[in-house]
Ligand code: AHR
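Take a look at this single chain in structure tokens; it is the form predicted on its own.
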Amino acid sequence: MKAKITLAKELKIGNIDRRIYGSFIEHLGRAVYGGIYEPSHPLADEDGFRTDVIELVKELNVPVVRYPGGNFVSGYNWEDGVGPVEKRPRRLDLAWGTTEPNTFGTNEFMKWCKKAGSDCMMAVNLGTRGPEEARNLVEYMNHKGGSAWSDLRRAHGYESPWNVKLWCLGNEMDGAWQMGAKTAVEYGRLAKETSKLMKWTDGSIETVLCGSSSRNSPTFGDWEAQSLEIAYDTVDYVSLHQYYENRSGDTASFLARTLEMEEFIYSVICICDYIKAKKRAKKTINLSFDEWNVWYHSDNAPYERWSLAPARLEDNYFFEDALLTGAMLITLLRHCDRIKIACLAQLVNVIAPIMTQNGGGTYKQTIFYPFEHLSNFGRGAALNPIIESPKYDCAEFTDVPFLESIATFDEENEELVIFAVNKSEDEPIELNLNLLDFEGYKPFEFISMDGFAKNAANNFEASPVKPHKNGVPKADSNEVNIHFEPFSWNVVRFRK
């Protein structure tokens, strides 16, 4: 089938904030213990960090990592995870029914971030705690010295402040599963006062207000409007969380979920702008899509309650999951004028692109590769391509384009990149790409993932699902014809 993309520099959506390629580490399953931290591993460094994992995180080029939760944070006492390790208490984690030894905590995570080349997006506990504990943590992390909490950090061996700039005001506080769940009004008041005290402690930080736990939540819409109206003046972002699944085996509907994601993003933008108009405010609230992924392969895996770091939520991703991951990233970039932060949840072992064996090796999941491509090549500004594509109907959606695509333009490095998913399981796309004002730009690299069964996956024994390079398409003046294989992820890079 034939499709066409017309592209021009003036079709700019917005500049891409690098934090849109963020991820997430929670004290859940083997994300921390056995994931990023395993002192007994042969490849562990002097801090107990797995260097093989750090190298894979560097390949993903993750600019910011959200920590320490997630549901975990709503019962977390941050003081338990600082100071001499031998004096730290073991706690029962009610969020996930496990035991938290606190041998890895805030300072360890900050050291890991530096080694991994990432910044920290720190979450504070607004479930069982409140403004006082949150502002104390900001003082501990960011104040230079000469105060009780900053001097405690120095006594713990960290003379210089960590200067964490991005802070989450709790997590999914509308959910009944959340420790200390709140109504929208209760949460709005708490978030307002917490953010106020945190910013009084350090005026350079930004804060993220919790949105609904998902678009499917019964609180959605009212929660955002009510809590944001209360806290608008003291916060900078509203969070979005969403996971997609294919339990029914309906691949066509599964790959069309980005239409639903599009509506979700648009709805939250509308709510933010409605409150802005209602308050006659000058400030615009942007979005933090700080939990997103495919998640459905491992929900009910058994584990021993109160055990330490049991294997939990270790989805083994299929090839079709990689295609939706790429399409979701494309959707995020389509709204980069308002989405400034996003976090693939999570990073290691728990619904993650990176998998590890305790004491053993690693492998890259299928979803690793689209994220790697966007994070490394999707720089500069996002351009909105004019797409002419055949469409299909499926059980849950109508008029779904077979071709999903976005372009990024890095003017400084003179690089244009086209990212595209062909959602058809059996037909290739013959794409005619028309570059209106990219004189002299020629394709120099064409990467794709294709030719795999939709349920193909990688594992510790073999990792067949990975990208490969193709012959570079020929350019005729300002037109390029590109062949996209059926059911494929594609990256075409151009330089002047």
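These numbers were taken from a predicted model, which means no experiment stands behind them. The numbering used is simple: start at 1 and walk along the sequence shown.
Another form exists, predicted together with this ligand; not displayed. Remarks below refer to it.
Visitor: Using a 4.5 Å heavy atom cut-off, which residue among Asn171, Ser288, Asn349, Ser227 comes into contact with this ligand in the predicted complex?
Guide: It is Asn171.
Visitor: Asn71, Thr103, Ser424, Ser375: which sits within 4.5 Å of this ligand in the predicted complex by any heavy atom?
Guide: Here the answer is residue option Asn71.
Visitor: Please determine whether each residue of Glu26, Trp295 and Leu313 possesses a non-hydrogen atom within 4.5 angstroms of this ligand in the predicted complex.
Guide: Yes, the whole trio is in contact, each within 4.5 Å by some heavy atom.
Visitor: So in the predicted complex, is this ligand close enough to Tyr303 to count as touching (4.5 Å, heavy atoms)?
Guide: Taking the distances in the predicted complex, the answer for Tyr303 is no, it never comes within 4.5 Å of this ligand.
Visitor: Find out whether any non-hydrogen atom of Trp200 is located within 4.5 angstroms of this ligand in the predicted complex, and reply yes or no.
Guide: Judged by the heavy-atom cut-off of 4.5 Å, Trp200 is well away from this ligand in the predicted complex.
Visitor: Is there any non-hydrogen atom of Tyr392 lying within 4.5 Å of this ligand in the predicted complex?
Guide: No, Tyr392 is distant from the partner.
Visitor: How about His241: is it within 4.5 Å of this ligand in the predicted complex, going by heavy atoms?
Guide: Output for His241 is yes: heavy atoms within 4.5 Å of this ligand.
Visitor: Can you tell me which of 396-404, 375-383, 172-180, 149-157 lies within 4.5 Å of this ligand in the predicted complex, counting heavy atoms only?
Guide: That would be 172-180.
Visitor: In sequence order, which positions of 78-110 have a non-hydrogen atom within 4.5 Å of this ligand in the predicted complex?
Guide: Result: Trp96 alone.
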